[in-house]
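Before any questions on how it binds or moves, here is one chain, the form predicted alone, in structure tokens.
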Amino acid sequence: MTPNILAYAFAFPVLGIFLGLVYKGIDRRVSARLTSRIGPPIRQPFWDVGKLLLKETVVPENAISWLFNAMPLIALASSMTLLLYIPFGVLKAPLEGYGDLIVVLYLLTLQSLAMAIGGFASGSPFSSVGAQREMVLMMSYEMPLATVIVGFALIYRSFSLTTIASTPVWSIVGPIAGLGVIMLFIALLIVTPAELAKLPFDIAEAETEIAEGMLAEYSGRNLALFYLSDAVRGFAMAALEVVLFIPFTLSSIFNLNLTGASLYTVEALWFLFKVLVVYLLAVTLVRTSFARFRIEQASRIFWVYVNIIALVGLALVWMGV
């Protein structure tokens, strides 16, 4: 790797943690405003992480301690690694060319799997129930997510996110395939809150039913790592949707003649704005508008309705390319 790539590989995850916490703060603030509350300040997630890091880390007596302590690290590492495959504005991803969409799907699954394994390893009945729910939900929403990825592989004949970001999908598909891409976008928007364990799909962490479920026995540093992992994954998921469906640069839209630092700054701010819009639409608005589903309701939604939307979209893409 060149020094620039190494610098990006270090900077992207650190920036991702900062942005993930900022977006989490904005999400909480906007959600509160939508329900006629004042809400916490945007900096509240930073305080939450700091407070958790200062608290004692307790390991349950019946837990498999090494597995219990390892899962938060794996969850955060997978979320931070995810950022290394996603282009940032006009900057290429640091690990561009080393797997891309297939690895992204794996890393998204790994974070959820780490939480489930941590729940099973805690020895708590609440955590075990939450972990079981997470496994059922994960098997439900991974199918439409994989279908979306297959659809883009059909269009581009490639799994490279850099290739996808450099050539907007809307510029290379006809009317039939374009309709299919819209359906894939709708399917991915529905999958997003489930992938991020947000209402109405936070069934595995239902506070009022199973006392935070998988995270019931986590505290201190371990809980802080899961909190950071959730924040980073939220930003990464929204960024992935922007790269797939809204990769248009500000320079191309308005024919701006930008170079050097001005180009990178303007496009980075434009990219962050698009990510914020997707985050608010796919996460904040949804979790504020719906109550929590039961596990069988959520499974039925994904296995039947969302799968149908995704598969019909995939069929239209196949017919149109």
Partner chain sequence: MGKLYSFKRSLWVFHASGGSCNGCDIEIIATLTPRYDAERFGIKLVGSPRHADVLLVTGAIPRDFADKLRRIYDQMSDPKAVVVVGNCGTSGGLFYDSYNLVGPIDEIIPVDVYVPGCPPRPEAIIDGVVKAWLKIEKLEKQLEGGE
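Everything numeric in this text was worked out from a predicted model, so none of it was measured. Numbering follows the first chain given and starts at 1.
Keep in mind that the form predicted in complex with the partner chain is missing from the display, and what follows is about it.
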> Does any heavy atom of residue 158 come within 4.5 Å of a heavy atom of the partner chain in the model of the complex?
Replying inline: no
> Taking heavy atoms and a 4.5 Å cut-off, does residue 58 contact the partner chain in the model of the complex?
Replying inline: yes
> Is residue 28 a contact residue for the partner chain in the model of the complex, using a 4.5 Å heavy atom cut-off?
Replying inline: yes
> Using 4.5 Å between non-hydrogen atoms, is residue 38 touching the partner chain in the model of the complex?
Replying inline: yes
>> Heavy atoms within 4.5 Å of the partner chain in the model of the complex: which stretch in 73 to 81, 220 to 228, 240 to 248, 106 to 114 meets that?
In response: 220 to 228
>> If the cut-off is 4.5 angstroms on heavy atoms, which of these, 54, 269, 291, 261, is the one near the partner chain in the model of the complex?
In response: 54
> Just one of 215, 184, 236, 194 has a heavy atom within 4.5 Å of the partner chain in the model of the complex. Which one?
Replying inline: 215
